[in-house]
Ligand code: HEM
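The chain that follows stands alone, in the form predicted alone, written as structure tokens.
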């Protein structure tokens, strides 16, 4: 669902105008993707090292984790691909993104008032999106090869080893991106986390953090009237 297709509704919450940022469907899929990834992270780390195998106890023990990991991987993959179909237009890099990227230091220092106007997502969010998409494809393909390893002929053993390597590298990259995404959404940008729960943000928040998107929503609302 692109920005153009987003329902540009505005509601009243007390004395403050609120703008719909994420639809219910977007929020549900986001949380499905996030929670399934956390499950994959816990079980994957448990399989990765014997020192971390205790993590499997958090999800019911080793056999349960071994059974659930590949199936949860499919759930996560479906959620990621849904978000691609919904957000791919919003995730394209624009001239405004490149201009914003030159001021990323102000973003890190929480000097958002010095940032150039940006659309619905900033370039960091877009890069995270593409990292998880391509990382998800790599994890899915390598994971299926590891899941069905007994069906791979021994003469193709190189595929087994390649799948293990690709899976590990893709997992490390997505874990790094996931940690940064959670930190930025909860600690760095106040209001970002609640927006993915309630779906709404204040007019002031929208104008401060995503001015171009706010102006698009405002213009759409005016045309509807």
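Positions refer to the first chain, counted from 1. Everything quoted here is computed from the prediction, not taken from an experiment.
Here the subject shifts to the form predicted together with ligand HEM, a form of this protein not shown in this document.
The candidate stretches are 117-125, 134-142, 98-106, 150-158, and the one lying within 4.5 Å of ligand HEM in the model of the complex by heavy atoms is 117-125. Relative to ligand HEM in the model of the complex, residues 39, 55 and 176 are all farther than 4.5 Å at every heavy atom. Looking at residue 68, you'd find every heavy atom of it more than 4.5 angstroms from ligand HEM in the model of the complex. Ligand HEM is not shown here, but in the model of the complex it comes within 4.5 Å of a heavy atom of residue 185.
By the criterion of a heavy atom within 4.5 Å, residue 196 is counted among the residues contacting ligand HEM in the model of the complex. Using a 4.5 Å cutoff between non-hydrogen atoms, residue 192 counts as a contact of ligand HEM in the model of the complex. Residues 76, 80, 83 are the ones in 65-84 with at least one heavy atom within 4.5 Å of ligand HEM in the model of the complex, listed in sequence order.
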